[in-house]
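What follows is a single chain, given as structure tokens, in the form predicted on its own.
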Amino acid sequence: MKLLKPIDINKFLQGKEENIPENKTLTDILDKIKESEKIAIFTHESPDGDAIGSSLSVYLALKQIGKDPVVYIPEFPRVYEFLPAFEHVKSEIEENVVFDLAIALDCSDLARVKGKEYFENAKSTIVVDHHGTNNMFGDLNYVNSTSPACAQVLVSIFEYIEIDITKEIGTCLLTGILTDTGGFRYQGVTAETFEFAADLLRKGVDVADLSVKVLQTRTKANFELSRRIIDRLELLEDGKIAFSYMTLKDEEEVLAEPGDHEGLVDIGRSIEGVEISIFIRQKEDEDAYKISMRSTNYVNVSDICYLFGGGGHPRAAGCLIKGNVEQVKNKIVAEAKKALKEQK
């Protein structure tokens, strides 16, 4: 299977990307893994299926070559407990431990890494990602902004370092791909995406069953939250913008667990005529809201979120804004309206 070449954004912007030996970074990654004993795997806060699937696949891959890594995901959503190796996930790490190697997956910048203090203190760091806004914060960076999922980027690495992509590893990788492509529905899906899925099907991965678990199964709390989101949903700008929100009180009342908010932003995008869906969720710091944005066809929501210190993909992005619900709504909706006008 022909795999996509990773893009080093910094060098690409300098017009030097074509001079990078295609496998140089992969060779360096392999060498660093071989020489490291204490290895830790990290991903971002509020991890989705791509973050979790990628993390568990790297854990299984490293175990396959004789390493004993730590995979740190303190907020592990219950809906992904069916994945291989989830029982090895750590919610805590020994204080003051220094790792030989820290690997960050699906994180565009250091601020998004859950456990960033351990990542920063590690002797060496590797970043594997697919966000166009990645700022190359690792010692080694393998970033492909044209890949639809971090899990698909990992396929290149696994094949290069001769990891046997078993049914278990494949299940984790496909979970990541299914999540970030919405079941192969979003822009960015490539021919390689389908080729890899076909390979996994031949290896015994039950793609249909996995799709149901990843895309169609929801917790009761998620369902209850979705009802509240729908009740509060507003259509603005002649129906081109959908807005809704969730508070800490909402989560408490429905007994929400980590991950129960996933997918709620897509409720707005599913409405006919909506170009931008905005969903805001109150953080533990009550004076801040996590913004999730999705667009349907033409607005680059990553550019909007970048204005507030966030980022992501053209059709899916996020950021954090301080203020109460009305203040945050006014700020993010104002920028969404500007983006719509710029497209006219």
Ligand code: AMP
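Numbering starts at 1 and runs along the sequence shown. Owing to the predicted nature of the structure, the values given are computational and were not obtained by experimental measurement.
Absent from the display: the form predicted in complex with adenosine monophosphate. The rest refers to it.
> Within a 4.5 Å heavy atom cut-off, is Gly318 in contact with adenosine monophosphate in the predicted complex?
Heavy-atom contact with adenosine monophosphate at 4.5 Å: present for Gly318.
> In the predicted complex, is there a heavy atom of adenosine monophosphate that lies within 4.5 Å of any heavy atom of Pro69, even though the partner is absent here?
Residue-level check for Pro69: no, no contact with adenosine monophosphate.
> So in the predicted complex, does any heavy atom of Ser156 sit within 4.5 Å of adenosine monophosphate?
Result no; Ser156 lies far from adenosine monophosphate in the predicted complex.
> Give a yes/no on whether Glu251 approaches adenosine monophosphate to within 4.5 Å in the predicted complex, heavy atoms considered.
No, no contact at 4.5 Å.
> Where does adenosine monophosphate sit in the predicted complex: which of 170-178, 184-192, 239-247, 108-116, heavy atoms within 4.5 Å?
Flagged stretch: 108-116.
> Since the partner is left out here, which residues of 233-250 would have a heavy atom within 4.5 Å of adenosine monophosphate in the predicted complex?
Nothing in the stretch sits within 4.5 Å of the partner.
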